[in-house]
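Before any questions on binding or motion, here is one chain by itself as structure tokens, the form predicted on its own.
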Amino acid sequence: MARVKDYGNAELEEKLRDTYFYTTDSNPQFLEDVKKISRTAANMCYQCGTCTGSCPSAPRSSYRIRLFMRKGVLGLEQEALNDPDLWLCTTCYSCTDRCPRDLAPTDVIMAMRNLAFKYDIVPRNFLKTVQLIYTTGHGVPNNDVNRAARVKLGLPADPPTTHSYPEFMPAIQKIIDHYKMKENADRILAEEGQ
């Protein structure tokens, strides 16, 4: 089990290790924003830990969804949005299925990610995935090795997705354009010379 975070940012790691609550770090509007975007009453979480106990990512990483629920309730916006673990949720919804309060922790995480994106706090590999989806319809496009494996298994070389139906690409690009995801991904990566 991964318990130690090592993100190459000593200041961030020290902040994430500090478990004291400082009222000066709290932004009450953060909880309201999370509740509004996620449409779940995150403030009703009583920290039972069922979400973390049912999370398939938790045993293999330092990701603890319960801690993000707590940060949301306490209004710890900067801690939540700057924690790289925010992006480890696979959105399997196991936590939501098992929450005894009928909350949707997964949607809280999605809300926090949306808020992080507004501040350009997005892992760079996610931005590159946005670019790939925009051009191919896939975060991991099909390649020659995969095509050969598919044919060997008796499958069509390309799956029945945008690889086989490229006429659907304009609709995907329209959705991405509507949310300015590609535009922002291009801008952020260009600013960093990537």
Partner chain sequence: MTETKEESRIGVFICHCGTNIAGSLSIQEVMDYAKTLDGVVVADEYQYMCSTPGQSKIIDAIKEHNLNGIVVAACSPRLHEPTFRTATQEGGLNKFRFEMANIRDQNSWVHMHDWEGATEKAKDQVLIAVAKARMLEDLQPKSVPVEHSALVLGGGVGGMQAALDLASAGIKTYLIEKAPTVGGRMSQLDKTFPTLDCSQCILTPKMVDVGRHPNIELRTYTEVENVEGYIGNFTITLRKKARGVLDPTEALERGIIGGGCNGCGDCAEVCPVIKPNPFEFGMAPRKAIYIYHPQVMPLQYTVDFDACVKCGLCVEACGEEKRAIDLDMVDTFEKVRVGTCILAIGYDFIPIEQKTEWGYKRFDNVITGLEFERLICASGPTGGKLIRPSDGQIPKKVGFVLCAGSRDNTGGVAKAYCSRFCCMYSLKHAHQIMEKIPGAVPYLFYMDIRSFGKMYEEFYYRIQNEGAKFIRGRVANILEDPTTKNLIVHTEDTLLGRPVAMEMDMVVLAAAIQPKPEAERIRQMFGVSKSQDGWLLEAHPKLNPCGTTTAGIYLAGVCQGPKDIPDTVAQAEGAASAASIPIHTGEVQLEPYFAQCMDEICAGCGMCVPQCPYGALALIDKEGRTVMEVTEAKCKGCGTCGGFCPGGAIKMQHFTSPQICAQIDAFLLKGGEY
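Positions refer to the first chain, counted from 1. What you see is a predicted model, and the numbers here were worked out from it, not measured in a lab.
Note that the form predicted in complex with the partner chain isn't included here; everything after this is about it.
Heavy atoms within 4.5 Å of the partner chain in the predicted complex belong, among the stretches 136 to 144, 32 to 40, 156 to 164, 54 to 62, to residues of 54 to 62. Using a 4.5 angstroms limit between non-hydrogen atoms, Ala80 is distant from the partner chain in the predicted complex. Contact annotation: Asn27 falls outside 4.5 Å of the partner chain in the predicted complex, judged by heavy atom distances. Taking the partner from elsewhere, Ala111 is found to have every heavy atom lying beyond 4.5 Å of the partner chain in the predicted complex.
Contact between Pro100 and the partner chain in the predicted complex is found at the 4.5 Å heavy atom cutoff. In the predicted complex, Tyr46, Gln47, Cys48, Gly49, Thr50, Thr52, Gly53, Ser54 are the residues of 24 to 55 with at least one heavy atom within 4.5 Å of the partner chain, listed from first to last.
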